[in-house]
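Next up is one chain by itself, shown in structure tokens, the form predicted on its own.
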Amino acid sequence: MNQPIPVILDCDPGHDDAMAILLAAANPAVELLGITTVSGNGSLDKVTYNAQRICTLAGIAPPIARGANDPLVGKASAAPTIHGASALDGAELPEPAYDVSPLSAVELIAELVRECDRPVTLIPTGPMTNIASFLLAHPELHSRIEKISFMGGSVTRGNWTPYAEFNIWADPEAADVVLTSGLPIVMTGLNVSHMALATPEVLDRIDALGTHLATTCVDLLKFFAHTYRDVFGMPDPPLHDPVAVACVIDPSIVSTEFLPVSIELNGTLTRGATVVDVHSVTGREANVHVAMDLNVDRFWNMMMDSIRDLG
């Protein structure tokens, strides 16, 4: 039997980040070494607190370290219209059962990567400030990174500006550092994550599990559905972040194309856009395995198994 893949989840919980934590914690194909937090869906204090509460709810205790409050350039911006005032509105969550690590996010990532007996996969599901800062601070550890699987960007349009997805828009300079690092990178953008819809039928399947964890997940996703209807006019909310975890667990769950991807840093109307050269017209070398399609049924079966097993 193969050893589980060691992963570090860098996130900004957030409803879909919370579900990504559950998937990474429960699936036997991966070993969740630690969680680092970054401001994005809410302030650093809020998202760190949310990560603690989700771990307590699920009965897990990976080390959690606080990361960047602001992007590499400028100041942080949150998304309260999507995730609510707490960044995780919609359900009663327990108080944290344990404290965060005294290490910073970059220090914890470095320690976990250095001490692991296998190359580590990094999974950023928020702005990539912590990951970029780690790569800049520890070039000696790049060889210890198996790959980076991130949720962000899009092959087509954005969701925060017409062409920029929120995670990339929130820190384009950090995304640029990651995408030009030379490391193996998998991008799961909006074009794929919008296939992972939490439909009423999906919510019924989760609810039928009959556990407190399942009921809480349904309550969180119903809140998420409400804001997505109000803000984007989508009847069902997309579960973005767990897709970046799912394609580490089982790479065949997505189909990918190896393409040149660049981050727009200067465009007045397009700053933060992921420029995906689908037809190789720029002459740039391919640097990112871009997810283009998702096996939706297998994805949701994977999520159901995780919620059931943790419940």
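A quick note: this is a predicted structure, and the numbers were derived from the prediction, not measured. From 1 onward, residues are counted along the sequence shown.
Although not depicted, the form predicted together with a small molecule is the subject of the following passage.
With the partner omitted here, the residue from 132, 145, 206, 190 that has a non-hydrogen atom within 4.5 angstroms of the small molecule in the model of the complex is 190. Only one of 37, 274, 50, 41 lies close to the small molecule in the model of the complex, with a heavy atom inside 4.5 Å, and it is 41.
Residue contact check for residue 166: one or more of its heavy atoms lie within 4.5 Å of the small molecule in the model of the complex. Among heavy atoms of residue 159, some come within 4.5 Å of the small molecule in the model of the complex. Although the partner is absent here, residue 149 sits far enough away that none of its heavy atoms falls within 4.5 Å of the small molecule in the model of the complex. Considering the small molecule in the model of the complex, the lone stretch of 240 to 248, 265 to 273, 50 to 58, 26 to 34 in range is 240 to 248 [heavy atom distance within 4.5 Å].
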